[in-house]
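Take a look at this single chain in structure tokens; it is the form predicted alone.
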């Protein structure tokens, strides 16, 4: 089985984020990026499938700051190949991003394409469905488990999560695109020493993606536009209570009791 995992880096939400002068985007001067959490789960699910069912796992990402480190880490975790798409730095929104991925995936063998169900920098969760539409293959989002069918069947069984804790079991024909909500286990850790060893011996394959004049790069955005972005307002703070008597006094003062 040929498994492809699409990954990207997003702003680290643990850091203090600042809005730029336009009021519509994050200031990037000191912005720290990290691997998109859901993409990390997609990679883990892909590695589990490879370990249980065999095959080859390829990670694909757009060229960006520190993306090499992310790709070498994927190799250290067990990926077989990593591809870096160059020449698509100005692509915006999941529509343009999906067009670049479709261009590359059309030239690569693939049975199963995994991506995170959404990303911290857009939250619209449309990358997987748009890639699937461009490739004309089935797509299932919010997936929490994947099982490969019998050899030769060309099927996978997936668990799709709905609101209220409801989970559906679906059989999907391959090739297909799956948006992973959570892997069956927490994403594995790759020791720094192993990543450094991989950096010295492994090679990142590069592919030319859609250039600035390409229709993919100039394609539509994610379907919405940012009107204004502001930092959360700081509240008045919490009142620390020493015991039940103080709690009752507050409740009485507010007319609750």
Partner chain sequence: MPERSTYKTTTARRAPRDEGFVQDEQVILEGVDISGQWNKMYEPREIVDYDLTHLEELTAIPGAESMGWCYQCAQCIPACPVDTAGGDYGPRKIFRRLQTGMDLFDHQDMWLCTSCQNCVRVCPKEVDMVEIMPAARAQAVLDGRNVPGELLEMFQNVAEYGNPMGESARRRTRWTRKAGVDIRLLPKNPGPVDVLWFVGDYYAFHNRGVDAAQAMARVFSRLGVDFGILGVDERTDGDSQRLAGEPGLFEEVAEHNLEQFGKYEFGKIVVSGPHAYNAIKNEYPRVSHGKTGGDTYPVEHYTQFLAQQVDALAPLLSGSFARKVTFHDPCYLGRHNGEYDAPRRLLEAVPGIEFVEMYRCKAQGYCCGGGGGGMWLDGFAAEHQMERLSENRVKEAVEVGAEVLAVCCPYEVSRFEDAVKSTDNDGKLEVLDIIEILDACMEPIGEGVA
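Residue numbers count along the first chain shown, from 1. Please read these numbers as outputs of a predicted model, since none were measured by experiment.
Another form exists, predicted in complex with the partner chain; not displayed. Remarks below refer to it.
When the partner chain is considered in the predicted complex, residue 34 lines it closely, a heavy atom lying within 4.5 Å. Under a 4.5 angstroms non-hydrogen atom cutoff, the partner chain in the predicted complex lacks residue 200 among its neighbouring residues. The partner chain in the predicted complex is not approached by residue 246, whose heavy atoms all lie more than 4.5 angstroms from it.
Contact check for residue 12: a non-hydrogen atom falls within 4.5 Å of the partner chain in the predicted complex. Taking the partner chain as positioned in the predicted complex, none of the residues of 48-65 brings a heavy atom within 4.5 Å of it.
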